[in-house]
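Taking the form predicted on its own, here's one chain by itself in structure tokens.
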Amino acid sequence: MTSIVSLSYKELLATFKHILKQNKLKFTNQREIVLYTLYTNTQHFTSEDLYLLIKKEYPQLSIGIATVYRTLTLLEENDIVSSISLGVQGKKYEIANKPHHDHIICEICHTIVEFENKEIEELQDVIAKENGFKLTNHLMQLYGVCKVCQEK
């Protein structure tokens, strides 16, 4: 099976259509726009933010927030999108079609910054080996207060 990270939009769309068919769901323009909007944006979206962006960019499209919620759930269950839990503030979603990265999240405004650090990645492997593990995956989320919020 091809890694989701290496898929073009055309391939990702074909995968999505297959998932819909397996789940006996119809392929609709609304569902595709949810996928396409996530694919073409680098931001992390709450369901509501994604819904509002779609309404703004596609004013002629009839789409409800429930469609966005259900589509995101289906995409997440099938590893096409990933989410970051913000506790009572809900989740923020991003397309999973990117190379591995970690996140630092502002506890006040919930801004999310992606970062990569080779030394941290290597240290995680060392720690896993020291504890008798073969590392297969990880999720790192660092929390703090961003520069903008510190200045307020």
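Quantities reported herein were computed from a predicted structural model and do not represent experimental measurements. If you superpose the two forms and keep the largest set of C-alpha atoms that fall within 1.5 Å, you have the rigid core. Note that residue numbering begins at 1 and tracks the sequence as displayed.
Another form exists, predicted in complex with a further copy of the same chain; not displayed. Remarks below refer to it.
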Task: Contact residue in the model of the complex, from I104, I33, I63, A96 (heavy atom within 4.5 Å of a further copy of the same chain) - done: I104
Task: Touches a further copy of the same chain in the model of the complex: L52 (any heavy atom, 4.5 Å) - done: no
Open item on the list: Within 4.5 Å, heavy atoms only: does Q150 come near a further copy of the same chain in the model of the complex?
Closed with: yes
Task: Contact flag, H138 vs a further copy of the same chain in the model of the complex, heavy atom cut 4.5 Å - done: yes
- [ ] Considering only heavy atoms, tell me if L142 and a further copy of the same chain come within 4.5 Å of each other in the model of the complex.
- [x] yes
- [ ] Name the stretch, out of 38-46, 116-124, 53-61, 22-30, where some heavy atom lies within 4.5 Å of a further copy of the same chain in the model of the complex.
- [x] 116-124
- [ ] Kindly check if the Cα atom of L142 is displaced 2 angstroms or more between this form and the one not shown relative to the superposed rigid core.
- [x] no
Task: Residue shift check between this form and the one not shown, rigid core fit, Q124 Cα at least 2 Å - done: yes
